[in-house]
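Taking the form predicted alone, here's one chain by itself in structure tokens.
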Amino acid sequence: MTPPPERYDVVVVGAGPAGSTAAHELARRGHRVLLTEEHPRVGFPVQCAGLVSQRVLELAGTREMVLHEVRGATVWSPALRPLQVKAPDTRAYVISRSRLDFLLAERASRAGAEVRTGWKFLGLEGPVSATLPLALRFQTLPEGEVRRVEARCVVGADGVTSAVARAFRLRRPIEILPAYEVEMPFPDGDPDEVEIYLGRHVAPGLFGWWIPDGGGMARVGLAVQAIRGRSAREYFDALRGQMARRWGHPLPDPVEILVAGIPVGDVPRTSGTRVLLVGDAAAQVKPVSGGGIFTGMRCAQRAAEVLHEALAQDDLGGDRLAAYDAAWRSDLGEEFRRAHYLRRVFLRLGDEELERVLQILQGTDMVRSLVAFGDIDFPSIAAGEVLRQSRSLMSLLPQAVAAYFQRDRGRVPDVGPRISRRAT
């Protein structure tokens, strides 16, 4: 006899930072939560470069995953001309991403969520109903046994290729940027800063990076536009050559390789009847940097707030859960809109124009603005201040920038208790 299906208030698919945050927030409010992870270990394989802001540490409630602190960056032009932006205080943290994922899943478990690894979401059994619980199918790995679970709602935190989004037919017109990163022994360089490499020949569509971990290792990688006939690995080889010229010696062999995809775009709906999407599944990723840890965790908090009220009212219809779209867009939507605009401008710049932009930014006032307003979670703040000060930049950019200033941009959105300041 087949045992009856297990029943939960919420099933969260994906135990990355966004999924584990949603599971924790719901479990601590008294809901019965199942948090599933396709891979056999939470945090593996590693999914990103691991450079975060103070806000992430606050959302996580711990610094245990911090490896190193950085105070600035050097941006290298296509012709290897440097622009250094360095602050007197810490501006970002290099973390162990696998450790972060583990700590957040453990926190969810302590709050009462049930955590199961090696569970792959297969889809739904039957249609989605506003009155009946969802019937979800999972495959346990590596045995291959199919399990059936019932839930009042599901949170899709299952990444760029989200099976939950497909099952609920939530259209996601996004661009996926292939990313290729390695970890290597690399004691050279300034341990207090990261390095960014620009140029269509090394990283069209985004940039390359060098991130020291403070222990003699560095994370070297890039994300690029998907271009037919050329892989991210091929662009990485070009980046290695560029970095060898910058350092004056070949780069050492990598000890670890990471291949991933970064979703960039605006998902029209991140909610539906009995479903919410968070994190990469919802393309809640910063368009100008590809980072998504802070944004995913913040949106997961919003998802839990909306779901808590909806579960209490026993109203999990699409209209009720649409409040989640409104909530997270209230926090981050304007920043995303402006960042998408900046990225469209950036994509139209050739290498010669990039050289000119960095040359203009060398001005003392420009660098001071980048230092004063630089915020890796809200990069459009610094961009706006620089554009305000530079007629040369405004005339150089290939699109009119007036639309960029349609609304007041003087204040960083108040989504973190520690960082909130007005432009002066």
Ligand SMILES: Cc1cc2nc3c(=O)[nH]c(=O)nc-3n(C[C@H](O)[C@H](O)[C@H](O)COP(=O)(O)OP(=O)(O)OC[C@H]3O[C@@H](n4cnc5c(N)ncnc54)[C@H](O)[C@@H]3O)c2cc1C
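Residue numbers run from 1 along the displayed sequence. What you are looking at is a predicted structure, and each value in this text was computed from that prediction instead of being measured.
One more form of this protein should be noted, the form predicted together with this ligand, which is absent from this view; the next part is about it.
Q: Using a 4.5 Å heavy atom cut-off, indicate which stretch of 381 to 389, 24 to 32, 44 to 52, 60 to 68 touches this ligand in the predicted complex.
A: Comparing against this ligand in the predicted complex, the contact stretch is 44 to 52.
Q: Under a 4.5 angstroms heavy atom criterion, identify the one residue in M217, L321, I176, A179 near this ligand in the predicted complex.
A: The option sitting close enough to the partner is A179.
Q: Looking at P78, G159, G205, G72 here, can you tell me which has any non-hydrogen atom within 4.5 angstroms of this ligand in the predicted complex?
A: After the contact test, the surviving option is G159.
Q: Report yes if any heavy atom of H39 sits within 4.5 Å of a heavy atom of this ligand in the predicted complex; otherwise report no.
A: So H39 counts as contacting this ligand.
Q: Classify A260 as contacting or not contacting this ligand in the predicted complex by the rule of any non-hydrogen atom within 4.5 angstroms, answering yes or no.
A: Answer yes; at least one heavy atom of A260 falls within 4.5 Å of this ligand in the predicted complex.
Q: Are any of the heavy atoms in A303 no more than 4.5 Å from a heavy atom of this ligand in the predicted complex?
A: Residue-level check for A303: no, no contact with this ligand.
Q: Find out whether any non-hydrogen atom of A163 is located within 4.5 angstroms of this ligand in the predicted complex, and reply yes or no.
A: Contact with this ligand, yes.
Q: Who in 201 to 228 is close to this ligand in the predicted complex, meaning a heavy atom within 4.5 Å?
A: Residue within 4.5 Å: W209, and no other.
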